[in-house]
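A lone chain, given as structure tokens: the form predicted on its own.
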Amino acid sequence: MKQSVLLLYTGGTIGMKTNDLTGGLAPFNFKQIEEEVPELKKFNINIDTYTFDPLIDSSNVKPSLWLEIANIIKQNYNKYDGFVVLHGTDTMAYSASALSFMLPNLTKPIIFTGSQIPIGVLRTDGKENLISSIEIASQKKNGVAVVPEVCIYFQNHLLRANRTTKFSAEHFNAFKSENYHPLAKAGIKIEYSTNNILPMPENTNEELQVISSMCEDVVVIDIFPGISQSILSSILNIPNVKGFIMRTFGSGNAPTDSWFIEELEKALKRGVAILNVTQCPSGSVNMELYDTGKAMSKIGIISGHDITTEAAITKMMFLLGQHLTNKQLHDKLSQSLRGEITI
């Protein structure tokens, strides 16, 4: 029996080709995907397509798009063995991370991919990304998915979605996962690192859950040399904000001034959550190393461990949408829900 994959085109560079009349780039009809990428005909895979209308520039992505993607997957979940989401690269790591939290009992692959050069351009990286993503999305072993989680595939590497960050605007290997090993590498054949892949959920026969409530009242604070009390206080007192992602130095360090801790403590007493995330591309927050870290831990700042900024934001939005108590929120932010942190 043929495997089947649903290809969702949300927008982005990968779906563009040159318009013969205007000479400009325009999206092509994904229903004719095998004409654009004839290599797909060699697969023994049924490939159906769904194109968003209107297409979404990835800079305009909002949580409403994440919910739309999740609902389309849910509606088609029993019809397909896997899903490939074509998405603009700028916010791909945010969208893919969000989907990982929104689908708690996922048992099938959802592979996000895209390209740096349009698929209709001769030197495109889009064809290989698309072909390998479809192959991975269809892969089964002993009747179950090889990769039952949300991933990003780019330039020969399959990465856990909520461990991934876009780090280059120009190179084909645009994404990195500094704190977690790739789930697979594509060479002559695709080599899976099975020990790094999330285990299959226990109740595989359950209907796919979509947790749709996301709270957007989140702010990111970048700590920098010279940040003043008035600036920090203004940010922490923005009306209606429920959660802050505080990007600190190194292993979670920040200024030692007494006012700094006082401003954070006042915000915490108002009931907001503050998650400490390192600005470094790799490494982890450890608030027990230095005095400022210990002071922040003592007042209730939460360690983000080695989480990416993209995963921290979407995880915070996801958990705030569940209307948890402060203790429940603190506990969940400290836990690895979908393999997003190492603890």
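The first residue of the shown sequence is 1; numbering continues from there. This one's a predicted model, so the numbers in the text were calculated from it and none came from an experiment.
Another form exists, predicted together with a small molecule; not displayed. Remarks below refer to it.
S.K.: Okay, which stretch from 269-277, 112-120, 218-226, 236-244 lines the small molecule in the model of the complex, with non-hydrogen atoms inside 4.5 Å?
M.R.: Result of the contact check: 112-120.
S.K.: Is Glu68 close to the small molecule in the model of the complex, meaning a heavy atom pair under 4.5 Å apart or at it?
M.R.: No - in the model of the complex, heavy atoms of Glu68 and the small molecule never come within 4.5 Å of each other.
S.K.: Is Asn253 part of the interface with the small molecule in the model of the complex - any heavy atom within 4.5 Å?
M.R.: Outside the cut-off, so no.
S.K.: Taking the small molecule as it sits in the model of the complex, is Thr51 in contact with it (heavy atom to heavy atom, 4.5 Å or less)?
M.R.: No - in the model of the complex, heavy atoms of Thr51 and the small molecule never come within 4.5 Å of each other.
S.K.: Does the small molecule come within 4.5 Å of any heavy atom of Ser58 in the model of the complex?
M.R.: Because a heavy atom of Ser58 falls inside 4.5 Å of the small molecule in the model of the complex, the answer is yes.
S.K.: Quick one: of Asp90, Glu128, Asp81, Glu263, which gets a non-hydrogen atom within 4.5 angstroms of the small molecule in the model of the complex?
M.R.: None of the others qualify; the residue that does is Asp90.
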